[in-house]
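Coming up is one lone chain in structure tokens, specifically the form predicted alone.
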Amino acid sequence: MIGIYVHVPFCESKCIYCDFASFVCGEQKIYFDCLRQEIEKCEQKGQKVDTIYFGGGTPSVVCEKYIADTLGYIRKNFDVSKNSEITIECNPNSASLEKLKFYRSIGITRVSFGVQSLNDKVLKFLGRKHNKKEAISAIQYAKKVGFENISADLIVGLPNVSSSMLCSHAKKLVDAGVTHISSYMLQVEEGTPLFKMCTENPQLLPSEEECAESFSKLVKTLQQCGFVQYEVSNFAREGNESKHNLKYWSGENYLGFGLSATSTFDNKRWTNGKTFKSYYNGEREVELLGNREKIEEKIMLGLRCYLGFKLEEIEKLGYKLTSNKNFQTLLEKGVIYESEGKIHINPKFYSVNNQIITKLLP
């Protein structure tokens, strides 16, 4: 079974921290016509599919018909399982009760809300279009129409958001009905308005130490709420993990459709053009994956989450990990552990997983 990602690059406005391939302008009909053609011409047509993910951008800002039609094209050209996890990303202000009802009616099973914060002043600073009340209402609407798997994003490292405030926001989201929370550190990307702000005012954002403390307290809070940290930045109640994202982390094949979308299939990876013009012209960057790239990805992705990676697979690719001088040391210290032929990272060390991964790479 493979996963399919569909990129919807349209947004109402651009947030100050965003460097994703998303645009306020653009002709939706032309884009979705091109998307249909890409799906119909795909060389991997006919593959069995059990996860579909509409991401962006903000998929909930486009006409619902485009989402329904695209889902229909996928079902027509691929063998989509009846029990597939089908996710759509939404912003709270563009997720009305009627729209969420429609999503349920076409078979979408999971909704992911870009909440980011429940502090209205911070939301305004970020350029978000919703407020706290709308965020909670959207979650409650999703629950009301029958969604059982509801996710929300929270950003760590925002200005004027203390660790206690962050944990309070998480609890309120859980009380509202979310079953999954993705919590990411605020990234200051060059070329964004936030980058300019931080250049002019280096003290604008909390320090790395403050961010680490906030995240640590958030982990404990969510654990107390019955959530498991199944990946570095992702928490869920049992059974509500993102099956689609787990495909990425376990190194499975997936196809990406739309502007800037990436696909990985067997030994090849390709990424579509990152502007409307380049995407419409069919431009792609193609990369052939050798054994070294596969080894690095299996270790890096496997140790980001609870899945780990199979030691045997790494050895078959030509890397005897057990000969790495750091391997035994990390094993003895309990930083990593082996279970049923798989290597896992101790969740206590998720916060420093990059340093651990670096020590294990060939």
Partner chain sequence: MNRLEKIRNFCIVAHIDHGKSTLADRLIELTGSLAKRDMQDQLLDSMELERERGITIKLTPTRMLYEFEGETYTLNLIDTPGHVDFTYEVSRSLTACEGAILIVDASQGVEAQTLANAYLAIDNNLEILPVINKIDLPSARPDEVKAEIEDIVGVPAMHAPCISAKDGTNIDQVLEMIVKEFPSPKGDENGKLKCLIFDSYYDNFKGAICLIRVFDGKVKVGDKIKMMQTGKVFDVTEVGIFTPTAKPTEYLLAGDVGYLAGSIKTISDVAVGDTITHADAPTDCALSGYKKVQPVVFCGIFTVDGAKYNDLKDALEKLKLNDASLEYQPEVSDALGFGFRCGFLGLLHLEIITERIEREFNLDIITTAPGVFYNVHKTNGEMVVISNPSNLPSPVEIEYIEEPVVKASLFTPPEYVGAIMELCQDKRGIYKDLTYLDKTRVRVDYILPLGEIIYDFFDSLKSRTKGYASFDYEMAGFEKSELVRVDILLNGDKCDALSLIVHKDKAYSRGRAIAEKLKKIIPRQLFEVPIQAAIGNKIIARETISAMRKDVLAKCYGGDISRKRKLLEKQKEGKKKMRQIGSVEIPSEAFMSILKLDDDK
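If you're wondering where the values come from, they're calculated on a predicted model, not measured in any experiment. Numbering follows the first chain given and starts at 1.
Here the subject shifts to the form predicted in complex with the partner chain, a form of this protein not shown in this document.
- With the partner omitted here, the residue from E296, D69, D33, E313 that has a non-hydrogen atom within 4.5 angstroms of the partner chain in the predicted complex is E296.
- Shown without its partner, this chain lists Q44, N326, Q28, Q37 as candidates; in the predicted complex, only N326 has a non-hydrogen atom within 4.5 angstroms of the partner chain.
- Although the partner is absent here, M165 is not a contact residue: none of its heavy atoms lies within 4.5 angstroms of the partner chain in the predicted complex.
- Proximity of E238 to the partner chain in the predicted complex: non-hydrogen atoms within 4.5 Å are absent; the residue sits far from the partner.
- Mapping the unseen interface onto this chain, N346 falls outside it, with no heavy atom inside 4.5 Å of the partner chain in the predicted complex.
- A residue is said to contact a partner when one of its heavy atoms sits within 4.5 Å of a partner heavy atom; E190 fails this definition for the partner chain in the predicted complex, lying far away.
- Residues within 4.5 angstroms of the partner chain in the predicted complex, judged by any non-hydrogen atom, belong to 281-289 and to none of the other stretches in 191-199, 126-134, 95-103, 281-289.
- With contact defined as any non-hydrogen atom lying within 4.5 angstroms of the partner chain in the predicted complex, the contacting residues in 179-194 are S182, Y184, M185, Q187, given in sequence order.
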